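Here we start with a single chain on its own, the form predicted alone, put down as structure tokens.
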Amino acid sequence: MKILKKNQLDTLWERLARNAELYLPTQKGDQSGFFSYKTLKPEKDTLMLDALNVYLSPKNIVLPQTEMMYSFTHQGQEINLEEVYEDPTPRIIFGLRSCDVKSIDRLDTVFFTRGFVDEYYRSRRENTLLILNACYHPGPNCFCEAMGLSPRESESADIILHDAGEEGYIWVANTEKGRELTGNIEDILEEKEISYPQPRPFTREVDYTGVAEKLKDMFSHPIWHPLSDPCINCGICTYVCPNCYCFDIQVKTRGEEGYRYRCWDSCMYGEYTMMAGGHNPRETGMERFRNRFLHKLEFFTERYGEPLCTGCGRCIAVCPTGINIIEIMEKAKGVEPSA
């Protein structure tokens, strides 16, 4: 097997960053996420390779929080496109966990299937290589296995790293792109047989089985009122979630020039469903709360065959009022749909 010694990490990153924008899990001040290697300041920033997860997922690398779409000029009724901003820059995300790789799979499903391909997303995604850091020590908010994925394996990760401690990382090329990259850095990999780490059990006991089917008959159930009472509709859950993909499209013009861009939005905001005539089909906070969890646990499963949740636990960790998606699943399973 191939082994990457930990004292070779700096060499590896320097090599990877020559031909691609490299992102690493990093703590910058009070914020942690996947930041460009070019912005790394060793005297201020902390690499988080050993951390279970960072607060901000790598979603913004393939689906930017704000993204220019195209610019245009207009004269009267005539509009001319000046530039389309599809971005094929090669990117490498190093050290993401299985829950985040799977969330990118979910985004692929949304933006590549059902007869439509989002070209802005495609240009980024097809040029992004994923290096998974296999997870052997689940945290107190982790429940990825319950949502149908393995914390240590992935079909979509191009390379999978298994942290064997002082022995280094077991390096597994998992796709053709991964094998090509491996061939380019063979000189810093060693051939050696070592033991894989021993996984620890999950501390969260979660059972998603039957939840989607149960929720089908619970749209009008009174349980949504007490469940949603603590929610202040701040939307932080949707921004840290690696699976949420709601966005808004805006146009800015000045004289005869303008541009169109899109930016993240949130189903937790009243403006998200506000119609031109003033009607809002989800006017109350309860309705928006209900839609979020039905979408994640039932609607998406019904449409695509799997839930829009990969069990990363970020929403549990950051919610200011303690709302817990695991408890919502448990309570939904424990009531009668007709109650």
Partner chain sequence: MHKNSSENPLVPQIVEVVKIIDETPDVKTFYVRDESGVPFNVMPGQLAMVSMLPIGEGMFSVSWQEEQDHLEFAIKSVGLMTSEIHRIEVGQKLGVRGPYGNGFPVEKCKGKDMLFIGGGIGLAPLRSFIKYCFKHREDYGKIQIIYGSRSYADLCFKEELFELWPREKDSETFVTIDKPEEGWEGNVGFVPAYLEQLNPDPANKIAVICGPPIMIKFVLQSLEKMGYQDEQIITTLEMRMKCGIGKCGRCNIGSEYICLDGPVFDLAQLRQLPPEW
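In this text, all values refer to a predicted model and were calculated from it rather than measured experimentally. Numbering follows the first chain given and starts at 1.
Heads up, the form predicted in complex with the partner chain isn't pictured, but that's what we're talking about next.
This chain is displayed without the partner chain, yet in the predicted complex the stretch 79-87 from 169-177, 191-199, 79-87, 146-154 comes within 4.5 Å of it by heavy atoms.
When contacts are judged by a 4.5 Å heavy atom cut-off, K296 does not count as touching the partner chain in the predicted complex. Proximity of T273 to the partner chain in the predicted complex falls within the 4.5 Å heavy atom cutoff. Not displayed here, the partner chain is kept clear of E126 by more than 4.5 Å at the level of heavy atoms in the predicted complex. Mapping the unseen interface onto this chain, Y70 counts among the residues with a heavy atom inside 4.5 Å of the partner chain in the predicted complex. In the predicted complex, the residues of 252-267 lying within 4.5 Å of the partner chain by at least one heavy atom are, in order, T253, R260, R262, D265.
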